[in-house]
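To begin, one chain is listed below as structure tokens, in the form predicted on its own.
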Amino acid sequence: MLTLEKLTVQLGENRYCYNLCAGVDRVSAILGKSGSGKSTMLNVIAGFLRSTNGELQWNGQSLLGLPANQRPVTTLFQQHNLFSHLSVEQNIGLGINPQLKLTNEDHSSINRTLDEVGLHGYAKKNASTLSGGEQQRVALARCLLRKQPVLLLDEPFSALDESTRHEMIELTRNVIQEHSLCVVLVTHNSDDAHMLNAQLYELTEGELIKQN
């Protein structure tokens, strides 16, 4: 269980206070207008921003004292953040070893994960040759290889065309079930949330409100 209790962030004149209980095998979808603080919440959970008050826990253990790279969290962004001059395997491998000193087991793990996201045989392809949907699948594979129980989705489908978007949502739904992930989705599109059978929350005036 991921728990946010009066988790407060002050950014200039904007103050946000988050209360959320997000369980495993379920998507908690955060809806709200642009600038309402949706991505800010994900950045605080991931450790990219510091809170000024409140509590953030995973299974009863506080995460607030942990740096980002030690939190049980990985994030799939709208922008896939791939290096275009590197291969698919190298882009994923950076999440294992920043110097790309990969073992045989690492290579095998990368290939297995690529198979899982529908990219069998793509390991040696250059990232710049991939379509938008393929690049997002690579980014998802990179998240999965980190083997963290909490997956944050920051508008991951909004830049995709309609057909690819539906494919990625279906893939994400299968991955959540297969890996028993706790997922927090930020989106402006309620259809994405409904397709993932998500519990809906509206972020308004800096606070989360659970929807029926």
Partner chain sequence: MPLTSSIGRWWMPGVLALTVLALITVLPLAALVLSATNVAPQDVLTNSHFRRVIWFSFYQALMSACLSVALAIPIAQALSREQRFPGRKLLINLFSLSLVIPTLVAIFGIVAVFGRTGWLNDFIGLFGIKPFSIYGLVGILLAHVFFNLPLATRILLQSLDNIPNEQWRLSTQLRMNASAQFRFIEWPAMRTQLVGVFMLIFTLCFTSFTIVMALGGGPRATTVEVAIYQALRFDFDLDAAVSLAIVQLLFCSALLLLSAFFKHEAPLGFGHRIPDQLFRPVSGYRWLNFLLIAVATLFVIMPLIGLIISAINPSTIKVLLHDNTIKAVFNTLFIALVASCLSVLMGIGLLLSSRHLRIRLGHYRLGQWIQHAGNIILVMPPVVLGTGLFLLLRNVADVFSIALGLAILINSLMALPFVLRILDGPLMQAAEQQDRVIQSLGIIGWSRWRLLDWPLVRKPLGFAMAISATLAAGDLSAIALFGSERAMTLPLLLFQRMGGYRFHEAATTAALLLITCLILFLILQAVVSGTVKRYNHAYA
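Keep in mind the model is a prediction, meaning the values are calculated, not measured. Numbering follows the first chain given and starts at 1.
What comes next is about the form predicted in complex with the partner chain, which does not appear here.
Of the candidate stretches 167 to 175, 181 to 189, 42 to 50, 29 to 37, only 42 to 50 contains residues with a heavy atom within 4.5 Å of the partner chain in the model of the complex. Heavy atoms of every residue among Leu66, Phe77 and Asn81 are located within 4.5 Å of the partner chain in the model of the complex. Gln70 belongs to the set of residues with a heavy atom inside 4.5 Å of the partner chain in the model of the complex. The closest heavy atom approach of His85 to the partner chain in the model of the complex falls within 4.5 Å. Taking the partner from the other structure, the partner chain in the model of the complex has no heavy atom within 4.5 Å of any heavy atom of His120. Within 4.5 Å of any heavy atom of the partner chain in the model of the complex lies no heavy atom of Ser109. Within 4.5 angstroms of the partner chain in the model of the complex, the stretch 120 to 140 places a non-hydrogen atom from each of Lys124, Asn126, taken in sequence order.
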